[in-house]
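The structure tokens that follow cover one protein chain in two forms, given apart as structure 1 and structure 2.
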Structure 1
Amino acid sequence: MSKQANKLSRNDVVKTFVRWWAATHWNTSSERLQALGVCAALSPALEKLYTDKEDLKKALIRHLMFFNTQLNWGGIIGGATLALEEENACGEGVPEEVIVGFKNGLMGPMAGIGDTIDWLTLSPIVTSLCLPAAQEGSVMACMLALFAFSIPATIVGYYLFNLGYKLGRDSVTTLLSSGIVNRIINGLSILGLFMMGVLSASLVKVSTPLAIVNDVATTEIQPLLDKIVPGLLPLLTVLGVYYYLEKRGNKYMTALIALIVIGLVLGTLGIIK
């Protein structure tokens, strides 16, 4: 890479990361999703790289195209894009299609990895570990739920953004081929499912006040159920909802309304409590 006047300093890279991290998701539009955010995050660096107004215009326009990824793991795309733009500006002449194609090609995979690890697995696990203490009114648990996720996740994001900048185009291939991603996902999935069992057992509250009355005695149903399988009703509730979502696709709304109606009707009639 030829070293010319307007190379980015270490400071520029860090500042771009901060902008990327702080605000890229702000104006997620229905049309081009994170496009505006990406352009705003990269724009100060682009201004520094492209002293020629025409080049700057082209650069701004190409980063206003559709973009959507998980920004934390996708930070590696942000960093690499910065490196590509620098290469382009400093005389290497990276074709515009390469820069745009690079972003478009990798935003999907990085969204998949990032969402799976951060938002779908790590996030609910940290939350569920803190939840029981919060139910007893612990403010500490609430704060822990934030920081125990956010601090490590931010460090990963910062690392990946810098890795992206350092390795340029090769960076994502390096990450994808290392196999560590699958190990993380496997471990977190097991812990996550285990915790869902733990929480279902302690937080889903449903039992029946019904009793069979005959001439001789009154037999309450709930103690009988507890003898067969403890927590049968909460377990069936969770499995029922799971089965429904599995069969019908993620019809969250329908499941929600159905639960409300069932709970309201059976609860009002005194069949469950």
Structure 2
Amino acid sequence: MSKQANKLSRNDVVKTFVRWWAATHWNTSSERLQALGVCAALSPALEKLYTDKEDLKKALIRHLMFFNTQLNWGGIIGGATLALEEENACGEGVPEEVIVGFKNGLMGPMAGIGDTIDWLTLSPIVTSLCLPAAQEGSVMACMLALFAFSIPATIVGYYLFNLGYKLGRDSVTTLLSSGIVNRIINGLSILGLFMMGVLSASLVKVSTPLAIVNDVATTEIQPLLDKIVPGLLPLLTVLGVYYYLEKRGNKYMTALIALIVIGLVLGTLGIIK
């Protein structure tokens, strides 16, 4: 029998998102990672949906199982899970295995998408934009980097949570089939390449004190290089690091140590400065 009186209101959905956004990463445990935070986020809505204590107990237990995903893009899982619980509470026959399987099956893919967009693309770009001002001693640049990342990330999380609640099990399929994820990744990747070029030219400082000495005059090499290709040595340094990482994989620490050693050796010999 349908229990329409237990259906969630718009306010309930918003409150659940706020709790999801605030609590999911606060209660991480080594055994079940985000499970406690997810259960805390869903619990007020579950209490409204399940008036029977045994049904509520089962719902809380299934959301205390292992869970780990990216907070913002994984919000679509939280919203869709909330919709599935509402269907189940209203007597629409959603098996417990479907709810648990839906969460477990999508937490990995959405974590991969979210980490790629938020932490590997958007965050470095925002940080790069604010880095020059921060190096000049601007405290506001540091705060701007924080808000410029967190505000759009929160808006995306809110949209995806509501999309998940609205479309339920079809939400992730709809999101991926629309192609919006690929367009976002491609757009941010292009912007990231522009930022990499700008930062390479402004932050990578490599020059040479070498000079050509003859009986007539002493010609410094660095001014000649600047006339041919300004910033040639920083460009070669960046390309060398990129070539190494492309051939050897993501061995960033090895590349960093190699840069330090090469810089010390060439600096000591007076080849670069």
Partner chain sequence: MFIKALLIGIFYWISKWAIGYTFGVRWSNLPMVMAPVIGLIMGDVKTAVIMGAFIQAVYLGLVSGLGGVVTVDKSLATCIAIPIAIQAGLAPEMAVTLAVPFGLLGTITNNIYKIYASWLTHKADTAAEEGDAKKIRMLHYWGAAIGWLPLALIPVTIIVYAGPDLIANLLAAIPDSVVNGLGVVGGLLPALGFAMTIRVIGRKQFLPFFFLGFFVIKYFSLSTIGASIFGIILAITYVQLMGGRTDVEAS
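Heads up, when I say rigid core I mean the largest set of C-alphas that superpose within 1.5 Å between the two forms. Numbering runs along the sequence of structure 1, starting at 1. This is a predicted model, so every value here is computed, not measured.
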Here the form predicted on its own is displayed as structure 2
(message) Once you overlay the rigid core, does the Cα of residue 66 travel 2 Å or further between structures 1 and 2?
(response) no
| message | When the rigid core is used for the superposition, does residue 39 move between structures 1 and 2 (threshold: C-alpha shift of 2 Å or more)? | response | no
- Message: Does residue 244 shift between structures 1 and 2 by 2 angstroms or more at the C-alpha, the core having been superposed?
- Response: yes
Core-superposed C-alpha displacement of residue 199 between structures 1 and 2, in angstrom, equals 3.4
Rigid core fixed, the Cα of residue 220 shifts between structures 1 and 2, in Å, by 10.1
For residue 235, the CA shift between structures 1 and 2 after fitting the core, in Å, is 7.2
